[in-house]
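The chain below stands alone and is given in structure tokens; this is the form predicted on its own.
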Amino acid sequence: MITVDPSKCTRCGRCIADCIVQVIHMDKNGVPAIPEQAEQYCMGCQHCLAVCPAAALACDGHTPENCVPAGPLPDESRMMNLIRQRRSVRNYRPENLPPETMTKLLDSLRWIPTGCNDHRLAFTVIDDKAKMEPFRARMRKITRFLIKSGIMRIVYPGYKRFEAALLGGRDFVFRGAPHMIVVASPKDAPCGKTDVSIALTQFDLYAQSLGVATCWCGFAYYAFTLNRGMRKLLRLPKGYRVGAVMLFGPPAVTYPRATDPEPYTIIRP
């Protein structure tokens, strides 16, 4: 639901033009409003709140005073540096991130966009290296079972090169990372598979800007997806499924240059 301060509203109509579901109209007094019969269609996306130049509009109790004003963005060269120099890091220092850095990372999750503004993503965050040990311990147990049962030959045919290390307890999945973030979406989410990818991509880039190393962890994703015991450690809400996993922490390696990748196929019909 929106509320408008008539004394501030300039009747410019920008909120009406930018309404995604086109439910805002001028009322009999010439002030933007949502007719009662259309309130059910409002997505609560707050576009109307963001676009109002006069700060005259509030949405579901969120006011202009609660919002951060538009600020400077990275220029194109800095943004391109971030894209080029972003790396998947598998070598971490064994200490926790500073609390203020962790707070910044978690606060940033509020602004992750989702399809249909379905703001129901759930994040399990391991914010202390000691809390990673139950995950590592269970993963070691699963790995030994997969090897000794012969299932590993099917799951990962190339494992033989690492068999001795894996049986010896090598942390092949979590790579010694002190932190992990797992994003899950409701099974009935309209764009759940896409939402989780967007979420960790945005988290990834912001983390890199803070000097925090990251790595998408497909092995952990499959472990959580296929093993109930692993999944229970995440304490997900009922009806949620794991969508993606990312390791993160202070890097133990630096890269003095970007890579020189081959270009992807670009099709211009």
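All residue numbers are counted from 1 along the displayed sequence. Everything quoted here is computed from the prediction, not taken from an experiment.
Missing here is the form predicted together with a small molecule; even so, the following discussion is about that form.
K.L.:
Is residue 215 near the small molecule? Define near as a heavy atom within 4.5 Å, in the model of the complex.
P.N.:
Taking the distances in the model of the complex, the answer for residue 215 is yes, it comes within 4.5 Å of the small molecule.
K.L.:
Using a 4.5 angstroms cut-off on non-hydrogen atoms, would residue 240 count as touching the small molecule in the model of the complex?
P.N.:
No, residue 240 stays farther than 4.5 Å from the small molecule in the model of the complex.
K.L.:
Do residue 140 and the small molecule come within 4.5 Å of each other in the model of the complex, heavy atoms counted?
P.N.:
Contact check for residue 140: no, nothing within 4.5 Å of the small molecule in the model of the complex.
K.L.:
Should residue 219 be classed as touching the small molecule in the model of the complex when contacts are defined as heavy atoms within 4.5 Å?
P.N.:
Yes, residue 219 is a contact residue.
K.L.:
Since the chain is shown here on its own, which stretch among 141 to 149, 162 to 170, 81 to 89, 178 to 186 would lie within 4.5 Å of the small molecule in the model of the complex, judged by heavy atoms?
P.N.:
Only one stretch passes the 4.5 Å heavy-atom test: 81 to 89.
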